[in-house]
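Below you'll find only one chain, the form predicted on its own, shown as structure tokens.
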């Protein structure tokens, strides 16, 4: 039976990127809908489900994209509310690639340092969609996380939400203006920059002078780099004793995870891939035999 992916996007145009990845992951047909609001979801989902039943339901799935993660979470809730009993299909939430990108970044860090109580991490640009999920995933590992934003109130908001979601989360908010983050990084073994494109958040000089830093990951692919001296294509490149990754260096794992999650949607009709389950999937992929 043909694999059908119902793509629900809150933006004015459906994501071309998400569509291409889905096709490369083996989806046969895409039903792409733009400008979707929560009130629209029930009819769209029922139209996808009621044409198939029983085992055939697993050949239909829902992907929620768009640029607004908050809106995406509302769409995910509406999709789940449209299900009843065993009549459901699998669904994935990955607005702007935030969940798969964050998972890829944290899993990349795990390759080089243990994530747990002995590790301190700094997340720059931590209040954006990717940054918030990086904080959450690190907190799940028991890592101490310094949550940095230009506005303290926004950093505090992230810490509050993560603490409610992750029992025992060790997260602290910090205000970090421009590239003046030297004091914040001191004593940390890991820094992940997830800020918006076009802003350097941590200078090369500061990075090179931080003796404790072991891994630095910059998720910004647009010049200037979020972390000075890291090129987008850097992949496990050592700079002054620190293992560095740029956005493209992490991108291979992000793409593998994105495609794998799409493929797993069609293995059953009851999968829900959100930030937590995408991260768990990524860790399981890492453990698979090479």
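Positions refer to the first chain, counted from 1. These figures come from a predicted structure and were not determined experimentally.
What follows is about the form predicted together with a further copy of the same chain, which we do not show.
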Task: in the model of the complex, residue 243 touching a further copy of the same chain (heavy atom, 4.5 Å) - done: no
Task: Interface membership of residue 23, a further copy of the same chain in the model of the complex, 4.5 Å heavy atom rule - done: yes
Open item on the list: I'd like to know if residue 27 sits close to a further copy of the same chain in the model of the complex, meaning any non-hydrogen atom pair within 4.5 angstroms.
Closed with: yes
Open item on the list: Whether residue 36 contacts a further copy of the same chain in the model of the complex should be assessed with a 4.5 Å heavy atom distance threshold; does it?
Closed with: yes
Task: Heavy atom within 4.5 Å of a further copy of the same chain in the model of the complex - the one residue of 264, 235, 52, 239 that qualifies - done: 52
Open item on the list: For a quick check, can you give me the residues of 1-26 that have a heavy atom within 4.5 Å of a further copy of the same chain in the model of the complex?
Closed with: 1, 2, 4, 6, 13, 14, 16, 17, 19, 20, 21, 23, 24
